[in-house]
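Given as structure tokens, the chain that follows is alone and in the form predicted alone.
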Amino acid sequence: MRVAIIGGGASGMVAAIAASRPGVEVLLFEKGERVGRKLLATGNGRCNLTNLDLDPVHFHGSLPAFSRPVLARHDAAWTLRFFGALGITPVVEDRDRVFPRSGQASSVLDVLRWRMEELGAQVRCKGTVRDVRVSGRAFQVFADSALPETVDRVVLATGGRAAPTLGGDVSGYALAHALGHRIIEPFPALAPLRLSSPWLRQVQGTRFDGAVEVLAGGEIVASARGEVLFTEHGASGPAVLDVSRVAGERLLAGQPVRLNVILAPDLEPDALRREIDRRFEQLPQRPVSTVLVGFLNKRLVPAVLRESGLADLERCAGAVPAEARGRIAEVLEGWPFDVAGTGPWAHAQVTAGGVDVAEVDPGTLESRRVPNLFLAGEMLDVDGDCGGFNLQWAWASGHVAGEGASRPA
């Protein structure tokens, strides 16, 4: 039996390992000069292998329950065993994130490459697959500068559009579409948000521990707490990345979206208002512009005060009425920004959307439309939160697809 794995990323490499068994010849096609380029960038170069909290709430798509059978059999414990057998020692950090003890994504890539070599998988880099055709009960795989390869099974694991400088593109979706699959329009996830605001130039580059809420249709549809970073064009940071998928989905549906940035998430509204009043009453002779320094990042102070309606920042704090102090507290509780869109694909970590999972068997990841065709990773309309969830899906789905593709007929 011959199995073609199309794509040499995280899911493709694990699929090649899972498919490599006696009597099975595995061909892995990678369009780039080497496998695993995107993997090297994950976790800021440290590779966030998985997360110990794999609650289904962390995974998204048009059919959120689709990922559950795969993740039930290939959970975080499975991932630790899989990589432990390859030589990776894990360490658990905050928010249940798991990294290799080496602190190097390159070590994860190394052990995957070595295992493929040990098992005899044939890796063909610079081999962009232009077409996959059904030929009777087999497939013809057409790659650049090579005669077509006849194979019995195919695993599509080309990844999505995110991070185009590391190889992200739509080639896999084109192959799946040509084979009869419906593609749910991809959009950036775990991406910065573009905001409309006159204050961005003043606050860009400011980082702080805060929280964010996404509002659509007058309701809070997503929220997260963590580091927030204001940028030239909007906001980024882990908290913003976590809600960007929901914001992008609502924007794609044509809904107006607002982002509330919460600057004091550790204080209840009443406590926050008391603190604001206390500072103004304690320092009545100081200019308004100085009263929040020491409580709030001072680069944010002028914009927050002006957003609350205070034009003269040199007036004495004691002259500011209670109503104006209340407006300051309201901005700190939820500074509203209109969301103009998500950041570009170049700044997205993950692709949302992809092959419609209603057309894929959730137990085996075999296509319901094309027998002996399997799909894995970002090819599918499954994406996870920030914190190791997307790599967990890549390992798990790659293994399931590779196993299925190499099973005896």
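Please read these numbers as outputs of a predicted model, since none were measured by experiment. Quick note: we count residues from 1 along the sequence shown, nothing fancier.
There is another form of this protein, the form predicted in complex with a small molecule, and it is not shown here; the text below is about that form.
The stretch among 336 to 344, 377 to 385, 60 to 68, 358 to 366 whose residues place heavy atoms within 4.5 Å of the small molecule in the predicted complex is 377 to 385.
Put simply, of 248, 237, 210, 167 only one has a heavy atom within 4.5 Å of the small molecule in the predicted complex, and it is 167. Not displayed here, the small molecule is approached by residue 391 to within 4.5 Å at the level of heavy atoms in the predicted complex.
Taking the partner from elsewhere, residue 16 is found to have every heavy atom lying beyond 4.5 Å of the small molecule in the predicted complex. For the chain shown alone, residue 4 is not a contact residue for the small molecule in the predicted complex, no non-hydrogen atom being within 4.5 angstroms. Though the partner is left out of this view, residue 26 does not reach within 4.5 Å of the small molecule in the predicted complex, counting heavy atoms only.
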